[in-house]
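Take a look at this one chain, the form predicted on its own, written out in C-alpha cells.
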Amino acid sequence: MRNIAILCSGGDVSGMNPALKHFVEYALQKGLTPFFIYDGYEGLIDNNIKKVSYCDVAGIITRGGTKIGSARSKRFTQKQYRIIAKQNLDALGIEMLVVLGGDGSFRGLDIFYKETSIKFCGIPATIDNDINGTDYSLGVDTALNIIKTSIDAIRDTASSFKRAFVIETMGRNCGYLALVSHLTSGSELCLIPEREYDLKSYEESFKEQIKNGRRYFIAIVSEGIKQDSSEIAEWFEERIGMESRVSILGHVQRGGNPTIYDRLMAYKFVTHAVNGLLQGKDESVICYTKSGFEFKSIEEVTSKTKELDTELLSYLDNQ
C-alpha cells in the first residue's frame, strides 16, 4: 500500500478537523495508508508521525481547531532540519503529503519539494482568506458566522445605550472578513486596508442621522487599517458626539463549531487533493474559484498579494 500523510501549518481554523476525518476515510477508501503529522512542520522534524485509522477521527467533525495541532516552524526554514524531515518520511515510506495552511506554509513546502521531490498538495486554510488564486479558504465561513453572532449581540447593547461600537476583525492586511461582515450585518461604517478613507467625509452624514433619530452606530474595521480601533472610537466621541466602545474580536474568530459549508468544503478540498496526487499532480495547491476547483502552482499562489473581489468592493464604494 502507498502511504500518505497530512499536517496542519500556521493558524488553526474550524474546518481542519472535518478535513482530517475525511482524509483518513478517503485515503483508506482509495487503498492508501494514512498518517497524521502532529504540530505541523515541527512534528515532521521531530518525527511526531502516526499511522491512523477510523478510530482516530471518530467524533471530531463537530470540533473547531485541529486534533493534530499546528505550528509555525522556524526550524523548517533551515535546510538541515528539512533533511531530517525527509528522512523521517522515508523511514515510514510516506511519499505523498497534504498540507492545510496558508501561503507561508506553501512556500516552505515548495522548497521542500525542490530539495526532496516529495509529492504534495496544499489546501488553503486561513480565516483571513488572503491566499492568492483561491476565492475561498477553509475556515472562512465559520469565522464569518462567529463574527455575525458577535455583531448581532453587540448591536443589542449599542442600541440600548445609544453608543457607537467599533468592532475589529482579524484578517492581517486583507479586509475580506470586515467587508463581508459589513455587507451582511447592516453596519454603518466599514474600514479596510484595500480602501483609503477620510473620516471627515462621514461627519456631516452621521451627525444628520443622529438628528433624524439614529441611536447607535456599528463600525466594522479590519485589523490592518492605518489607525487603531481606539482612534476610531475617539473620533466618534469627539467629532460625532456619541459615546463609543471598542470590541476586538480576536482569536474567538478562529474557533467554534465548523459550519455546514466549511464541513462540505473540507470534504471537497480533501477529495480533490488526494485524487490529484494519485493522478500525478505532484506539486500543487487545490484552489476554489468561480470556475470550480482548480490545481494551481505554488508560484501562482504565492507570487502576489490577493486582491479582493471587485464586485464586493463595488458594494462598499457605492455606500
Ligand code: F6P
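Because the structure is predicted, anything quoted here is derived from the model rather than measured. The numbering used is simple: start at 1 and walk along the sequence shown.
If you look for the form predicted in complex with this ligand, you will not find it shown, but the lines that follow are about it.
J.: Exactly one of 218, 96, 89, 170 has a non-hydrogen atom within 4.5 Å of this ligand in the predicted bound form; which residue is it?
T.: In short, 170.
J.: Can residue 254 be called a contact residue for this ligand in the predicted bound form at 4.5 Å between heavy atoms?
T.: Yes, contact at 4.5 Å.
J.: Residue-level contact is defined here as any heavy atom of the residue lying within 4.5 Å of this ligand in the predicted bound form; does residue 105 satisfy this criterion?
T.: Contact with this ligand, no.
J.: Although the partner isn't part of this model, could you tell me whether residue 126 comes within 4.5 Å of this ligand in the predicted bound form, counting any heavy atom of the residue?
T.: Yes, residue 126 is a contact residue.
J.: Taking this ligand as it sits in the predicted bound form, is residue 141 near enough to touch it, meaning that at least one heavy atom pair lies within 4.5 angstroms?
T.: No, residue 141 stays farther than 4.5 Å from this ligand in the predicted bound form.
J.: Go through 236 to 244, 131 to 139, 171 to 179, 78 to 86 and give me the stretch that gets within 4.5 Å of this ligand in the predicted bound form, heavy atoms only.
T.: Contact-bearing stretch, as computed: 171 to 179.
J.: Where, within 207 to 224, is there a heavy atom within 4.5 Å of this ligand in the predicted bound form? Residue list please.
T.: Just 223.
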